[in-house]
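Consider the single chain below, provided in structure tokens and representing the form predicted on its own.
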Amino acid sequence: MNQLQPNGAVSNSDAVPTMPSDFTDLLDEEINLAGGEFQEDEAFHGAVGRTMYDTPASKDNTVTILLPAEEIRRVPSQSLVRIKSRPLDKGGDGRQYIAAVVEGPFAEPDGLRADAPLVVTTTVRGATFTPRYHGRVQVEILGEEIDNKLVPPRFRPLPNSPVVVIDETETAERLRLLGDVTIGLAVGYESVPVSFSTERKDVLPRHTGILGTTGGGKSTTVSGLIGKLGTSGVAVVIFDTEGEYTQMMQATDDAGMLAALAQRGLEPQGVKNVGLYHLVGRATTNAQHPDRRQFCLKYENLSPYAVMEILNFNDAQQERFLKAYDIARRLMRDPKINPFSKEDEEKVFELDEMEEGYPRLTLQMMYELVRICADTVEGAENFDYLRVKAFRDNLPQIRSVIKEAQLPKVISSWRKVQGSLSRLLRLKIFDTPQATTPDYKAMTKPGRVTVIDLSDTDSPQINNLVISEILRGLHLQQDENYQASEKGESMRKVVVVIEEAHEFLSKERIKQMPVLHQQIERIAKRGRKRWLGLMFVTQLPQHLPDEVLGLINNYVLHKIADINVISRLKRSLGSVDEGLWNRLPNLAPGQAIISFAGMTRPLLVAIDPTPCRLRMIE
């Protein structure tokens, strides 16, 4: 207490006493009696945080980690950490775990709720109030580490266990992100490329789905993968329904893409060794391409049951079509009409008409036989319309076979079948002399990229015919390639990209054409054993049936806002954590959730910009 002295001076009767001269010696003695100075456990050296106690809201296989404020930036989303329980002699269990950050990092004030009145009031009033704070992250346990190997966890990390951040090199190894084809960079890291290996049979031949809304970056992803797959020696065939990829052999000149490439340290360049096919009589969006070829379809490769589906025949019309088809099979065995080679005889012996048609049977032949049958039922005698020379030369014999067949008598159904085949003929895409079928052997050469330009067909039915026919041809060629590899040749790897997959494999299409899609499903299942992988690309994944989603093992998910679609995908992709699902509706263009068969866990990835030119489609 301060007191006034007679001389006017102020004295302090409560002044702090002077510290004894031997205080430090006494303090050292007390420290020694307590066991010496505090020494941090060696397990905590380099730790960025510690595990938290569990709460009633805790979930299995997840743990909360608390971090000092200065360590928050070292533990970004998706990073891997190592949790080291204390040794047995320190009250722990000595176990070690690898975990991934699935939520956070979040900053929380020490000793206060983030929405405490003191914090809220000072903030909204414009005052500066920044209490000390700490970080919090939620991690998912990937496994227990035993002898440097990751095994399924049997226990949980104990509270107050030290947490160490795993460096980027080990992270890439742990997440199995290494390979010769890079998709992009993992979000949350400075430079962790997300890649896959074209040598692994559990990755490349497995089918891939690239899904997302328009503008999400699917075309960038597809074109970038095509170029990198080709460089790695994989043959790529892409069905281009919009003509978007017909100029990819040239380097990009898009200003935004050039800036993104420069930021990533990549150079603009075109895709090498690109061939272009377009349907006979149809235009292409790159008529100046030096390696451009027209192709036609072979009617003999179409299953008669697929033809009936495509033409939407009712029961009566199917009966007449199959009756005419039986007559065609009989006539095609007649040496006067169709001299068979030994190879043709072998094909007929092994013929599966659910997969293909009769050898050498053309659409013109089938149309003329149906018309002769219809005219016979109607009693007509004029057959001047015949263009097939073998039919004109052997007309009496053909009419005799037809009369023996006991044709159904209702003429209207015959004329309906005739009219439908006539419409197919007018397309002029079958059996044309000025074009041949695609060269499947050349298309499957290592590093070859083939663009099938379907931009001028204006018909999903024609596109479906083309896709199914070329898929069948590639599958047969891969069977040959596989047999050759067993004799010592290098195995050819092929990836087929189907743009606008919802047009080809929608629920409605499958209902209308079950035989055609059963063929595709068989090719998809068998192709995985022959290094033939399919890549389905669509902005309308809600139209893909569960049967198709069941075939897909690898996913690239761009922005998807439809909650019903996300719910369906969750049932197919159980490995994606809830934090990533919550991000999916708000992904920026060029971002995607990647889930490949070879990866330890899915990741959010910034997709590499494409170095090649794309025709921007509005």
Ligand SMILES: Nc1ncnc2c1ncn2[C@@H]1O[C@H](COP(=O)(O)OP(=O)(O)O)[C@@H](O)[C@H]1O
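Each residue number is its position in the shown sequence, starting from 1. None of these values were measured; they are calculated from a predicted model.
Note that the form predicted in complex with the ligand isn't included here; everything after this is about it.
The partner is not drawn, yet in the predicted bound form one stretch among 94 to 102, 219 to 227, 198 to 206, 303 to 311 has residues with heavy atoms inside 4.5 Å of the ligand: 219 to 227. In the predicted bound form, residue 214 approaches the ligand with a heavy atom inside 4.5 Å.
Contact annotation: residue 260 falls within 4.5 Å of the ligand in the predicted bound form, judged by heavy atom distances. Under a 4.5 angstroms non-hydrogen atom cutoff, the ligand in the predicted bound form lacks residue 594 among its neighbouring residues.
Mapping the unseen interface onto this chain, residue 607 counts among the residues with a heavy atom inside 4.5 Å of the ligand in the predicted bound form. Counting a residue when any of its non-hydrogen atoms is within 4.5 Å of the ligand in the predicted bound form, the hits in 563 to 597 run 589, 590.
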